[in-house]
Each structure stands twice: as structure tokens, then as C-alpha cells.
Ligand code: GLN
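Okay, so here's just one chain, in C-alpha cells, the form predicted on its own.
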Amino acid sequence: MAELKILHMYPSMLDLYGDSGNVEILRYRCRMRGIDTTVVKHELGDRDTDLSGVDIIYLGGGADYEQQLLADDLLGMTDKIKAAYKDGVYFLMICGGYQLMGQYYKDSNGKKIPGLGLFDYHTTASTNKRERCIGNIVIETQLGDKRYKVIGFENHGGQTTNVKTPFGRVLAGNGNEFGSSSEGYSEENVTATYLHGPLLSKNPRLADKIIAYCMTRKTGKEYVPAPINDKLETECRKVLLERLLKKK
């Protein structure tokens, strides 16, 4: 069985609301299928991070302060990260990580933090620091041939615009902007979203979609994850969806 390699970027800085748990969920669901995983970490100031053989690049969420601290370090990896994207490496990015891969992030004081420019979207925070998109959120997205409801928690002042291919349609909550009909950004090998939680613990089918993509890319053969016992996750999702969508 092939081994998957995960690059966890800035784990000590980008970990709002337990976002690092997404890496643990991926490792757990791989282990249940007999897939080995290796996690490589890139921290601020690391000079020799090796991206060769990486299957997943993961960035969690962070506040304005953390984004300002690591922006220059991230820009220094531009060529490596763009090469990985073009090679089909899977990108999973939450909140601050989502914003930093766009053109720029302008904070509530008007300071512009340059993004990596991997995607066309950009983010501008509300000048009213108390005005935020905050609360539980449900979106609907396409996973394979089925629609799937994704549950999470959003807390962001940034308003992300010029998103050409959203992650999903908002059923409850805000999304990319106040009262937006769409949330996040998506490509075949990209999931970028404001949903904390951690995201993958509430949405196991999304985790399996990422694993299936990476294993298919790695082996050259279509990989279909074997079913595992998700009884607890299924029951929790049912309760949450009933609660969050009861007024819809």
C-alpha cells in the first residue's frame, strides 16, 4: 500500500479552533484503511523544507497577527508551492490559510498583506472590528456524483471576493461575505474554506474524498476508500443538521 505524505505548514501558528485536528483525522482514516502517513512540518524560519513527494499541503486558520508574521516566510516558498500545485498535490486550507493563498489580505486597519497569488480571489476585512461572520455554518457541495452537506464554524471579519469556483452553496451562516450565497474556493485538488471545527471531524466524506484523490494520483489506479465505522459521526451530523437547518 502506498504511503501518503502531508506537509503541515505553520502548525504552531495556524491552529484556531483545533484546526490541526484535520491532519489527525486524515491520518486516522488512512490508518483504518492500512495506508501509512508521514507528516512533515514547516515552521516560521525553516529554510530547507522538502516538498518532494508531498501529497497534501495543509494550512490551518490564524488571526491577522499570525498572518502578518508568516507572510514573508510563505512568499519565500512561492516557487515550491506553485510547482506542487501544478503537479496535482492536494491543497487543504482553512480560514487564514485560505486567505493567504489568494492575491492579498487587507486587514481592518487597511494594511495589505500580500498573498501567494496562487488563486485570483482577494480578501478585505471590515473596518468595524466587531463586525464579523461568526457562528455555525452549513454549506452544500458536490463530492463525486452526490451532494453533501458540510458543517463547520466560521469566525472571520475578512470578506473574500472574486471567487470563481466556490466550495459550496450556503444553507445556513454567511460564507465568503456577509450573507453570501457561496463559501470557500474549490478545484479538483483544492479545498479552501472558512469552516473550522476541525472541518474533517464533522465531515468524514470530505476527508475520504481527499484520501481517494491522493491515492489515485499516487498509484495511478482509481482508489475507492473501504467503508469504516462512522456511526458516531453520522449520528452527530444528523443532530447538528436538524438543529442548524430547522428554520430553513
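Every value quoted in this text rests on a predicted model; they were computed, and no experiment measured them. A residue's number is simply how far along the shown sequence it sits, counting from 1.
Keep in mind that the form predicted in complex with glutamine is not shown, yet the notes after this line are about it.
Shown without its partner, this chain lists 132, 80, 169, 149 as candidates; in the model of the complex, only 132 has a non-hydrogen atom within 4.5 angstroms of glutamine.
In the model of the complex, glutamine lies farther than 4.5 Å from every heavy atom of residue 93. Residue 155 belongs to the set of residues with a heavy atom inside 4.5 Å of glutamine in the model of the complex. Using a 4.5 angstroms threshold between heavy atoms, residue 196 counts as touching glutamine in the model of the complex. With a 4.5 Å cutoff on heavy atoms, residue 16 counts as touching glutamine in the model of the complex.
Looking at 98 to 106, 139 to 147, 72 to 80, 173 to 181, the stretch with residues near glutamine in the model of the complex, meaning non-hydrogen atoms within 4.5 angstroms, turns out to be 98 to 106. Along 56 to 70, these residues reach a heavy atom to within 4.5 Å of glutamine in the model of the complex: 61, 62, 63, 64, 67.
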